[in-house]
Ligand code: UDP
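Here you get one chain, nothing else, as structure tokens; it is the form predicted on its own.
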């Protein structure tokens, strides 16, 4: 089976990391076509996945864009669609990995007469998308997609509630390689030393810096925690959110937490950094479609405290393999952090349960097998 994957981003977010795991087994029978250049292209090359960049300028449509702004992008989309149509005729299947890829992929599917699969990594609701973008995504998926792969029950439910067809959507969770998250203790000790974290209780936050990811909630909670608690923020602004980064630095300064918050920016050593933490916090203020960093932390055998909403509730069982807190409640978050600091034995048991759960439920080999069966059915059907 030959698959043409489409992705809008040149930057490696959660959807892009998931795509690497899906495309990798197909080797030269796959091609990833990107709508923007960037670090994601290099990651694909490092994983020996064929890749090409189809556009030199990012598509100027965002999740909150209206119809007028959408029409402005047609000049960019027309030549891009033409390129994808020509390329698609060499493949058995078009696999759209993002919403902009769905727009291009749907029209390319129609003109090339190739089946379309849409991998839904979002909760399609007005919390995240404009009404125009929601309508476009649902109508294109209903009309052109042979299959919609939702990354959680929460994503599937939102798709159907927004008007999506129930007969084309299947839930397949993200897959992970458990071996990637096994780390050497001596290396972790060196890393903690390099970062000045020795003797600290380290809470890690792993996400792009954006208001709805809730880093400000964690900083507010930190001010209510014992002085040995330190926070590391791993990630940076992706989509023009530099104002928020500046506000975070101002918040740290106002709360006099300069010695207890470290901004580490984008990092490639995520498993090692997670292993250097005592607790990993997830603080999204809006429902998360899946929660990739939660599973990664679980595989590193780290306790997780996560915002109780969306796909997160399918990953974490409170008090067994993690902790759930009300989104946007820093006091509640601070209480869990303090409990983990004090109740070390209980926390260690929860972390062990987390690793067992994640290894059994999200092994990439099993997930890829599920996806391969679905794709084979589409191509043969």
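Numbering follows the first chain given and starts at 1. Everything numeric here is computed off the predicted structure, so don't read it as measured data.
If you look for the form predicted in complex with this ligand, you will not find it shown, but the lines that follow are about it.
Interface residue remark: residue 287 is not counted as part of the site for this ligand in the predicted bound form, having no heavy atom within 4.5 Å.
In the predicted bound form, at least one heavy atom of residue 266 sits within 4.5 Å of this ligand. Put simply, residue 115 is far from this ligand in the predicted bound form: not one heavy atom of it is within 4.5 Å. Interface residue remark: residue 291 is counted as part of the site for this ligand in the predicted bound form, having a heavy atom within 4.5 Å. The contact residue chosen from 213, 100, 119, 302 relative to this ligand in the predicted bound form is 213, the criterion being a non-hydrogen atom within 4.5 angstroms.
Contact with this ligand in the predicted bound form, defined as a heavy atom within 4.5 Å, holds for exactly one of 109, 207, 283, 152, namely 207. Judged against this ligand in the predicted bound form with a 4.5 angstroms heavy atom cut-off, the residues 202, 220 and 334 are out of contact without exception. Partner contacts here mean any heavy atom within 4.5 Å of this ligand in the predicted bound form, and among 267-275, 222-230, 254-262, 140-148 they occur only in 267-275.
Contacts of stretch 226-244 with this ligand in the predicted bound form, defined by any heavy atom lying within 4.5 Å, are made by 234, 235, listed in sequence order.
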